[in-house]
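The C-alpha cells that follow cover one protein chain in two forms, given apart as structure 1 and structure 2.
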Structure 1
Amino acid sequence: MARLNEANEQLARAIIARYPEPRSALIPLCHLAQEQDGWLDEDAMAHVAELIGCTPAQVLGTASFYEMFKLHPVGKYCINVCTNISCQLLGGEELLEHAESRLGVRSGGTTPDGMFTLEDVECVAACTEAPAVQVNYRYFHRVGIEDFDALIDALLAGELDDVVPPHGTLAKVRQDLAADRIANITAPEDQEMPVWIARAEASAGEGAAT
C-alpha cells in the first residue's frame, strides 16, 4: 500500500486543519505515510502533495532532507550504530563490525527476512552514554557486544514490542485536539498585528514625536 488508506486520509485532513496553511502539514503527513507503510514511496508523496496543494517534487525535496524519512523499503527495525568520536573511542566501530556479522548484512543493508536494516550513523547526541545504539530512534546506551546480541534476541522474540514499535511509528499515543482547542489557524495575511508589536510601534511613535 502506498497512498494513504481511508482512515489515514481522514486523519491527514484533521492534521491539515490545525494549520493556517495546508503546506505546513507536509512533515506530519510524511510521518503519517511512513507510519502506514514503514517508508515513503512516490505514490505516498503524490497523495500528500494532493492533500496540501503542492507538487510531489516539493514533498520529495523536503522528505529527502531528513534522515528519518526513508525513500526505500527498510526493515521492521532500523538499527543505528553511532560511530562518531565518543562512541568510536569506546568501541563503536567494533560494535558496528559485530552488528554486520551478527545480522549478516553490511551497513546500509536489510536482512533477507525484512526484520533489520543496519545503519552507521553520525552523532545521535548521547555522547555520555557511548557506545549508543538506536532502534527505530529509541535509545539504547552503553551497548557492548553481548548487549547488542541480547538486544537482537529480544527484538526477535517480541520482548520489546512495548518499547520499540515498527519503523515509522513516532509515538504510541496520537495527539487528538478538539476543534475548540486548536490554536490560531487564521491565514497569515488575515491576522491582526500582534499586541506586543502594536504596543512597541506606538511607543516608538510617541518617542519620535517628542
Structure 2
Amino acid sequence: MARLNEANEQLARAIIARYPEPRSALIPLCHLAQEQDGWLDEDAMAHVAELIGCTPAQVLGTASFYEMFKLHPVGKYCINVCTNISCQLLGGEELLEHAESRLGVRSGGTTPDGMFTLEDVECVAACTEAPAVQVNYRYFHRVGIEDFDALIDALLAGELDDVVPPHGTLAKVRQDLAADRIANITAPEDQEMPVWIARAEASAGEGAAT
C-alpha cells in the first residue's frame, strides 16, 4: 500500500515546484504521505524519493530525524502531553500518569482499539496555559485530570471531529501557490539580481549598492 495516490501525487508535484531544489520538498511530501495514511510507510518514502530524485535511504534518514513522522502505524488520535518545565511545574507529569492509567498504555503506546497513541512530549509552546495537551497537534490548554477524561470521552464520542482531524492531517488550510501564481521560484543558479534592486542601483548612479 501507500504510495501517494494520484491526487496527492499531483499535489506533490505542485509542492516540489515551490522550492528552488526538489529535495526541499522532502519534509512537506512526508507530511502529505502521512496525511494520506496516518503514518509514513516504506512505500510512501520510496515514492517520495522517486518524486524528488533521491534514494529511499535519504528520505528515511531525514524523516526518522523528526518526531512527527511516525514510521509505524499510530492511533487515530495522538495524545501529546507536555511534561516540559512549565507544564511539569503545574502537573504535566501527573497528567501523563493519569493519561497512562486512563488509556491503559504507557507513553509511546497505542491502545489496542487503534484509537489513541499517547506521547510524553517536549514543550509545545503553550507554556502559560500549563499543563498543555495536543491531540493531533490541536491544542488543549490547562488540562486537569477531569478535563482529560472529558477530552477522551469527547473524542470517542466523535464530538470533536470538526476540530480534530485524524492523525496525519496537519493544517486544513493549505497555501494555494499554483504554478501560475509563482513569481520568482527557479533553481538558485538561474536567479539574477532582482529588478527592483537593479533599478535602485541604476538610479543611484555609479554607487555599487549592496
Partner chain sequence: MNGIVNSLGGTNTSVAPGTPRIVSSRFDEPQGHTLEGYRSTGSYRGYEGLRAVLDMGPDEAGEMVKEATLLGRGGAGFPAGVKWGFCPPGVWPRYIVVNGDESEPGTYKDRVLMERDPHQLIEGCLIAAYAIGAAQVFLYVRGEMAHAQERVAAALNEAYEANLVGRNILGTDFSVDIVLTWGAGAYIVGEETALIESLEGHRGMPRLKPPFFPAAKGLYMRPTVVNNVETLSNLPWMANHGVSEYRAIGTENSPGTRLIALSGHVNSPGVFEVPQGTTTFRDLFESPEFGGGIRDGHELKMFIPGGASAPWFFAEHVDLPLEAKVVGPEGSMLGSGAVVVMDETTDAVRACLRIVRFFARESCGKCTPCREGTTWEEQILTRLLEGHGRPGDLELLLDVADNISPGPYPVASDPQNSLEAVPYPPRQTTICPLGPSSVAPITSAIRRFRSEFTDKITRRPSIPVGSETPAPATAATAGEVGHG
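Throughout, residue numbering runs from 1 along the sequence of structure 1. We call the rigid core the largest set of C-alpha positions that still match within 1.5 Å between the two forms. These numbers were taken from a predicted model, which means no experiment stands behind them.
Check: If only one of the two is the form predicted on its own, which is it?
Finding: Answer 1, the form predicted on its own.
Next item on the list: Kindly check if the Cα atom of residue 142 is displaced 2 angstroms or more between structure 1 and structure 2 relative to the superposed rigid core.
Entry: No, the C-alpha moves less than 2 Å.
Check: Can you give the CA shift of residue 19 between structure 1 and structure 2, in Å, with the two forms fit on their core?
Finding: Residue shift at the C-alpha: 2.6 Å.
Next item on the list: State the core-superposed CA shift for residue 199 between structure 1 and structure 2, in Å to one decimal.
Entry: Its C-alpha position differs by 8.1 Å.
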